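The chain below stands alone and is given as structure tokens, in the form predicted on its own.
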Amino acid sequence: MTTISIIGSGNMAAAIGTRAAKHGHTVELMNRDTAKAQALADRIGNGATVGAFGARPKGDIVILAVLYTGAVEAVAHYGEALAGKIIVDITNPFNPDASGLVTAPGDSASQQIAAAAPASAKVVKAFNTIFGGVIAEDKPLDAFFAGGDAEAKARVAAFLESLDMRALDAGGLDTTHALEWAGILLVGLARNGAGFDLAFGAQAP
């Protein structure tokens, strides 16, 4: 297995980090509040470490587990420290009541992050259509992802598979906007009776 770096220390960072550690990965946590990062590292255990916010991440795969409103700023703060890294964007750019998106086709959160990142960094969107609580259950899941670089997508797919998830390629970087709308659909279903333990799946005919 390998080292996975996670920027953030919220619920999604906890869910992904804990699952990654359980499946044999070393987890590095990076957050503006070092004490929060350390508390999460202690909670995850399994050798989880804390890195300095803004320093070069140890992992080749860097999971951007922050709110959309701070995602581009965080990537810009890291700057060249993210050169050559695979940035996994898990953000959902919802409007205030989660009834729609604040992004537009051709200008998804992932595309904004890619524009702010070093040219050698590759952005792949994943995890945004799975609730943190479902990830934390550590059961087999379908995981949709999209991105513009084939090698980066293959690396992310392998990581997802290592977490006992079936990695399903949704398309290129332009498709990330559709995945953001899928996040809206998931929340709508959950709010209207399906519950927040719901997970999307796909089945061939």
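Start at 1 and count along the sequence shown; that's the residue number. This structure is a prediction, so every number in the text was calculated from the model and none was measured.
Not on display, but discussed next: the form predicted together with a further copy of the same chain.
Of the listed positions (E151, D42, E161, E137), a single one reaches within 4.5 angstroms of a further copy of the same chain by any non-hydrogen atom in the model of the complex, namely E137. Shown here without its partner, the chain carries G171, L185 and Q203, all of which come within 4.5 Å of a further copy of the same chain in the model of the complex through at least one heavy atom. Residues with any non-hydrogen atom within 4.5 angstroms of a further copy of the same chain in the model of the complex fall in just one of 48-56, 62-70, 33-41, 142-150: 142-150. Among heavy atoms of G84, none comes within 4.5 Å of a further copy of the same chain in the model of the complex. In the model of the complex, a further copy of the same chain sits beyond 4.5 Å of every heavy atom of T26. Heavy atoms of G79 never reach within 4.5 Å of a further copy of the same chain in the model of the complex, leaving it off the interface.
By the criterion of a heavy atom within 4.5 Å, A157 is excluded from the residues contacting a further copy of the same chain in the model of the complex.
The single residue of 95-127 lying near a further copy of the same chain in the model of the complex is P105, the criterion being any heavy atom within 4.5 Å.
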